[in-house]
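Each of two forms of one protein chain follows alone as structure tokens, named structure 1 and structure 2.
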Structure 1
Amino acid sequence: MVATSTLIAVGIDGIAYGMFLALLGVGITLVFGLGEVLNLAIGMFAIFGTLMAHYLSTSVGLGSAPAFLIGIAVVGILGVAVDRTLLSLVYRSDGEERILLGIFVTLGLSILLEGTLTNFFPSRYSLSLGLPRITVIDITIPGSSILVIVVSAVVLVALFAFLRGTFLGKAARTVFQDEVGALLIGVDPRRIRAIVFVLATLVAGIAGVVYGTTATLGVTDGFQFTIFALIVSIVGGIRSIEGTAAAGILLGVVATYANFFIGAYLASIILFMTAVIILLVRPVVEA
């Protein structure tokens, strides 16, 4: 019989994992909603952030905070480079052709990043901060899980505030809902897409860095993260940021409980089954 305190502690770890998935899922939703580009390299951007932070903190000798911040900034710079080159080619097309071209381009980018990073980072790495465990009543929670929840929540709230409370955010939502209308009122969709793509890569970089404080990660995890982020985004509604965030938390909790009771392999299967069930029972919203 598993103690209630243990179940609660596992649930909190699940929320932390779910928040990580939510960040990645939101990254996919933003870029697809604005530019109809399914970013299949989102997981590699997260891993790139983890590896950069690890390199800067260990090989360069920076403190944890500067290493983490600069590592995330490097991910953003990579995002700018990808937007200015590969995505510029993708945005020359539209409709179904753009979606298909985006899939192939970002999938190829993911493979390129995985192959290149493997040469420099062949092992698995963590960003342990040595945070102590916190005990509340009889519930013991890893400090790193609390860090993931707090940082992810701050990022998601800031993202929602950006989309609703700033001019750029409102312009992005206008493009999201009606690109022709946005053009008529003077909004440049290409500029908005560039800003949001870089923002999505920064979110992925933050996700990789904070999750790296709780787990040991390697280059090959990037593809799995992309698949899970894609599931989260689809389950939450590929154009709904709030739905994607909620789906990430739900699926993260389900996967963590399943992993605790029956192991990692079957947990992945249960995560897929849960996603299918949600898609089958979810109400269909007419456009």
Structure 2
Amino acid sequence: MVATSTLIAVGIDGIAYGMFLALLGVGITLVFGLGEVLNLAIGMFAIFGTLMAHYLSTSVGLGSAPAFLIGIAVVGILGVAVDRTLLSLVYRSDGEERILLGIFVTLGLSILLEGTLTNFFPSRYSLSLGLPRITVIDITIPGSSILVIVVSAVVLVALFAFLRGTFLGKAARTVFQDEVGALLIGVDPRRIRAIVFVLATLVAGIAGVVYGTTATLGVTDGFQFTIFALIVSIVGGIRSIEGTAAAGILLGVVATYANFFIGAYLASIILFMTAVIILLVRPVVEA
């Protein structure tokens, strides 16, 4: 019999993992909703954030906080560069052709980033902050898990507030719903897309940095993260940011519990088959 306190501790780890997935999934959903580009490089952006933060804190010798912030900023700069160059070329085409071109170009970008980063970061890294374990009643929780949950929650809430409350966010939601209508009322979809793409890469960078404090990550994890993010985003509804966030947390918790009780292989199979079933039974909003 597993103690209740252990169950709760596993659940909290699951929520931390789920929040990480939710951030990546939201990153995919935002960009797809606005520009029909499925960013298959999102996991690489996250890993890039982890690696930059690690490099800046160990090799350059910055303190953790500045290293993490500058690391995330570097991810954003890469996001700007990708948006100005590759995505500008992708946005020239329309409809299904743009969807496919977006998939292939970001897949190429993912391979390019993987191949480049492997040369500089060949092993696996973690961003240990030395946070203490926290014990509440009987439940022992790693401090880093709390950090992931708090930071992710803040980022998600800020993102929702941005979309609901600011002019830019409202303009973005207009483009989401009706691109032609947005143009007619004077919103420039290309500019909105650029801002949102960079925002999504920053969110991925934050996700990579905070998740790096709980786990040891390497370049090869990037592609894996992209796939999970894709699943989360599709299961949550490719046009719904709230749905994606919820799906991320749900799948993270399911995966972590399944892993704890029945082991990694069976847990992964259950996770993927859950996604298949959700895809098939849910009334699908076709992208």
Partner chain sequence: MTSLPLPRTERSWTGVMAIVLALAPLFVLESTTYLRLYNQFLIFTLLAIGLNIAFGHTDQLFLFMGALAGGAAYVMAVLSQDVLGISPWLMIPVGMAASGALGALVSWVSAKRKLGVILISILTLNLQLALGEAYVGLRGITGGSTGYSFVGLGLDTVGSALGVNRFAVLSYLLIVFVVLAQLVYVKLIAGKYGLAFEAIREDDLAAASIGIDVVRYKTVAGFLAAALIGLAGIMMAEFQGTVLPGDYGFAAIDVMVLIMLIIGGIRTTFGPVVGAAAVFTIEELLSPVGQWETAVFGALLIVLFLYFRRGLMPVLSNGVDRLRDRDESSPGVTDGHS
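All of these numbers come straight from a predicted model, not from anything done at the bench. Only the largest set of C-alpha atoms that superpose within 1.5 Å between the two forms is called the rigid core. Please note that residue numbering is based on structure 1, beginning with 1 at the start of its sequence.
Chain form predicted together with the partner chain, by structure number: Pick structure 2; the other is not the form predicted together with the partner chain.
After a core superposition, would you say residue 10 shifts its C-alpha by at least 2 Å between structures 1 and 2? Comparing the forms between structures 1 and 2, which are aligned on their rigid core, residue 10 does not shift its C-alpha by 2 Å or more.
Core superposed first, then measure: what is the displacement of the CA of residue 265 between structures 1 and 2, in Å? That residue's C-alpha sits 2.8 Å away in the other form.
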